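Below you'll find only one chain, the form predicted on its own, shown as C-alpha cells.
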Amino acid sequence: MKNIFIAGSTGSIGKSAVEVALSYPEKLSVKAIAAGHFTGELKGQIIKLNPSYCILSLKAEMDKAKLEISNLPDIKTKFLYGEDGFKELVFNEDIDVILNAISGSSGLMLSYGSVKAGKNLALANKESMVMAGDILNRIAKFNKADIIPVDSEHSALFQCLNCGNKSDLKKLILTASGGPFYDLPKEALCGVTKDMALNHPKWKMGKKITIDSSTLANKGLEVIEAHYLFGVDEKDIDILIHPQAIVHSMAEFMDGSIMAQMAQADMKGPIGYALSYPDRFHGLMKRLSLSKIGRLEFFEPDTLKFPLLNIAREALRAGKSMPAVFCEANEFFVNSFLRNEISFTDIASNVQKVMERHSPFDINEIGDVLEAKKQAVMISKTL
C-alpha cells in the first residue's frame, strides 16, 4: 500500500489521479489532497476519500471548508493552509509519494520541499524541472528520492529508456498532437481568440497548459524538462507532430532501433505508472487497437509558425537562469492573453524580448530560481 498526497486535486491531472486511487484502493491510499479554493469538486473528493489532510491556499478558504464539512461527522479530515500546510505535509512520515499536479510555476516550492524531505515525487508540474532541474536532481539524489515524470511524453520516455542502456541512446523524440492551430496558416494566427485557443482538439485541460499546447510552448518546455530529467543534450532531443496522439514519445538507440510507447490518450496511464512504479496496475486504460486506428503520421513542426519552440531551445542553450526566465515570462504572457490584454502572437514575441533583456546568472540554490522568476516578471511588466 502506498500513501499518496495529491496536490492540485481539482485540476485535470488531480481529478484523474483521484480516479486512479479510487480504482485501486488495495494499492493506493490518499492521505492528503490540496487545492487552491474550496469548491464543490473538492468537497466531493473529501467525501469520497476522507483524507487525513486537506490543504487550501488561504485561511479564508480553509475556514470555508471547515464550515462546509463540519456537519459531516464521518469526515475526520484536518484542514491546513498556505506554505506552512505544505511544509507540514511533505515531512509527514505517513506519506510515501507526492503527486505535484499544481499548475504553473507556483508548483516549484512543493517539488523542492518534496525531494528535500526525501519523498518520491510524481511530477506533473513541468515548470519545476524547467526552472530548477539541476537543484531538484541534486537534492533528490542526496536524499534518495525518486522523481518520476507524469507528463505523458516524459512518462513515455521514462518507459522507453528502460529498454536500453543510457550509453547506447542516440536521441529522444517528443511527440505533439499539434494543438488546434497546426493546419491554420501562419498569417491567421494574429486573429486567434482566447476561446479558439482554449478549444483543444484532443484533451480537456487547465487554461494555462491548453494555451501552451496551442502555441507549442509546451513542447519547448518539455525539451527543457527532458534535458534535466534524462541528462540528454538539447541537440539530441527532437520534436515530431503526431496528430493521432497514440505514440506518446520515442527513444532512438545507436543501433538504429526506436522504442515507442503507445497507448490511448488517457492521463490515467502515466499517472498510474508513476504511482505504481516499478509495478503496473491491471486494466488501467482501454486497450489499444492499432487496426482500428489504421495509420500513424509524423511531421516536422513549423518553427516559423510556432517560434516558442526555438525560443525554448535558445533558453536551454543559454543555461543558467534563462530557462527559469523563459518559463516565467511565458506564464506571464499566457495570463495576459487570457485577460485579452495582448494578441496570441504577442506571447512569443514578448517572451523573446524578456530573454533579450535578461542577463543570465548562475543557479546554485532555490533562492536563485526565485530571483530569476522575480526578474522575469519585472521585465515582463515593462513591455
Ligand code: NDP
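Treat the numbers as computed from the prediction; the structure is a model and nothing was measured. Residues carry their position along the shown sequence, with the first being 1.
Quick note: we don't show the form predicted in complex with the named molecule, though the next part is all about it.
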Thinking of P180, A217 and F332 as the candidate spot, does the named molecule come within 4.5 Å of a heavy atom on all of them in the predicted complex?
no
Find the only residue in A117, L80, M205, L309 having a heavy atom within 4.5 Å of the named molecule in the predicted complex.
M205
Out of G113, P301, G133, G104, which one falls within 4.5 Å of the named molecule in the predicted complex, going by heavy atoms?
G104
Within 4.5 Å, heavy atoms only: does T10 come near the named molecule in the predicted complex?
yes
Tell me, yes or no, whether A348 is in contact with the named molecule in the predicted complex, where a contact means a heavy atom of each within 4.5 Å.
no
Would S29 show up as a contact with the named molecule in the predicted complex if we use heavy atoms at 4.5 Å?
no
Wondering, does K320 line up within 4.5 Å of the named molecule in the predicted complex on heavy atoms?
no
What stretch, of 95 to 103, 257 to 265, 187 to 195, 227 to 235, brings heavy atoms to within 4.5 Å of the named molecule in the predicted complex?
95 to 103
Listed by sequence position, which residues of 45 to 66 have a non-hydrogen atom within 4.5 angstroms of the named molecule in the predicted complex?
S57
